[in-house]
Structure formats: structure tokens, C-alpha cells
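Form predicted alone, single chain, as C-alpha cells, below.
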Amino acid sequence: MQREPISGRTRVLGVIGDPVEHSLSPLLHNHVLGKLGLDYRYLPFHVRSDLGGGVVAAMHTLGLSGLNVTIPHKQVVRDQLDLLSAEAEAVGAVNTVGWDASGNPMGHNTDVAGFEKSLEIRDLLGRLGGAAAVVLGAGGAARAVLYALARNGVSHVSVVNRTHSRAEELAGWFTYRFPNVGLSVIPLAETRDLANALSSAAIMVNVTPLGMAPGTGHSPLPNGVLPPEGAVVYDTIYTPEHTVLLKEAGQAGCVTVGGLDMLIIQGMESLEWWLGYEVGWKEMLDELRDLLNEALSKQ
């Protein structure tokens, strides 16, 4: 794909993190920007964990058009922003920074849309209305998943986590935001309670790193514990593409969804937010999956 040479008119997007070398975002965004024929480049910026406090000022100074934000900078960047989108405000986390119509820095969260739309394109989003859900994990991505589940009508959520205090903190945020949705906190070690919650769940989402490379031989669920046949089992892990959890769930008759589409869609949602128009990512989805899977196979 031939690109125009970089010039003084080229606009710069990027991602910050520590580390950032593993990020697939530059590959994804530059591929799409090239197909769109836009004079943009998307770059990875390694910003040390102790230097995140100057990110928004640096964006302004350098004239950057937008940034994605990953670990460990999400909270410190959020604290620098007075303007937040509805999703970022509700979830309490920012993974995208851009500019409003008046040139003021603004934070956004595209993880919510990434999760929702990865279900929508499979005609699974409608299953959430009035359903019970189980979420494994209480980290940063759990808030986006819980927010998406609640605003799409689930009636009850069970949060399962090893560290009870983190789950309780997440539960407090969720109950404040969604007082009409039932919520239970289950320690991961309580296998019987977990099995009971899964038995009536229409969807289970794993937002823990258990099963991610290099620990690909592990599942976040105890042996033999799975949702019922026909339930959706969603693993936000995208490397490997088919985790132990997804393989076991598929063999048990569950509908399985991996994390690669969420990764792609949240990136495309960021790009559309920066550009202010739709980029047609649905038509490119198979191509983008192949692109990222090839890159992952070489890591």
C-alpha cells in the first residue's frame, strides 16, 4: 500500500503506554488510515509510568490529533481532563483523548462500544435484555463490560474475583450507577456459588488475564464448571485467538466470542471519534482480523 510521504501537513495520532512495544494499535490504525487515503500517521509513544502527568500538555504542545491510552496511564490522564464523554464519565476510565469543537482536550472510552458491537455483529446483543450475567474479574476493563451489560438490560450480574476488596469496590460503583440491576459478589474460590450463578447465566465474560499467552494452558474457571448449553461465553483475551476457556465452552455447546473483535472495534471507534465520521470498519473486519492474527503469530 503506497502512502504519501510524511510532510509538515501530516497529522499525528498515537498510543501511549509503559510498555508499548507490543501494541497492535499502530498496525491496525495505519492500515485503515492508508486504505482511507488520509494524511495521518499513528505512532507508539513509550511514556514512562512516572511521566504520565504531562501527557495532555504534550499533546497540545506537539499538536497531536489524538491519543489512545493504555496501562499504566489511564487514571492519570483522566485526572488531567475536565471534559469527558458520557461513556468515560460513567465508566470512570479514559482510553482515548482528543479535542472538542472548541479545541479543548476531551476524554472518551471506546471499550464499551468495542464490547457491545462485537456482540451486535453476531446478533447476540438482544439476548441481554432481562438476562443474568457473570463477569470474571474486577480490573479496569470490567467496568466497561458491566456498563455495557447494564445499559443493554441485564437483570442481574455476578462479579467473580479472587480479591474480594476489588470486587466490592467495583460493586459499589455499579450499584450506584445501576440501582435497579441486581448484583452479587462471588469469591473465585467459592466453586459452588460460582456454578450456581453460571447455571442461570445467559452470558459469561472473562476480563481476567487467565489463559492469555504465555499461560495458554489455563482457564479462569474451575474444571467442569461452565454456563449451560447455548449461553454466550466471551473471553476478552485475544492471544491466543482460541483460549482454553473458549475451546471448552464450545465443546459444551456454548456460543463463543474471542477478544480480537473487541480490540479491533474499540480501535475503530477511537478513529471514528477523532475523525468525526464512520470509516466502514464492518466491511474491513475480516481483513483486519487476518492482519492482526498474522502479527500475533510472529510475536
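We number the residues from 1 along the sequence you see. Not measured: the values here are computed from a predicted model.
From this point on, the text means the form predicted in complex with a small molecule, which you will not see here.
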**Message:** Is it the case in the predicted complex that V157, L226 and K247 each bring at least one heavy atom within 4.5 Å of the small molecule?
**Reply:** no
**Message:** Can you work out whether R166 and the small molecule are in contact in the predicted complex, taking contact to mean some heavy atom pair no more than 4.5 Å apart?
**Reply:** yes
**the small molecule contact at T243 in the predicted complex, heavy atom, 4.5 Å** = no
**Contact label in the predicted complex: L210 to the small molecule, heavy atom within 4.5 Å** = yes
**Message:** Even though the partner isn't displayed, in the predicted complex is R151 close enough to the small molecule, meaning a heavy atom within 4.5 Å?
**Reply:** no
**Asked** For the chain shown here without its partner, which stretch in 121-129, 190-198, 158-166, 75-83 has non-hydrogen atoms within 4.5 angstroms of the small molecule in the predicted complex?
**Response** 158-166
**Item:** Contact residue in the predicted complex, from V112, M204, I186, A138 (heavy atom within 4.5 Å of the small molecule)
**Value:** A138
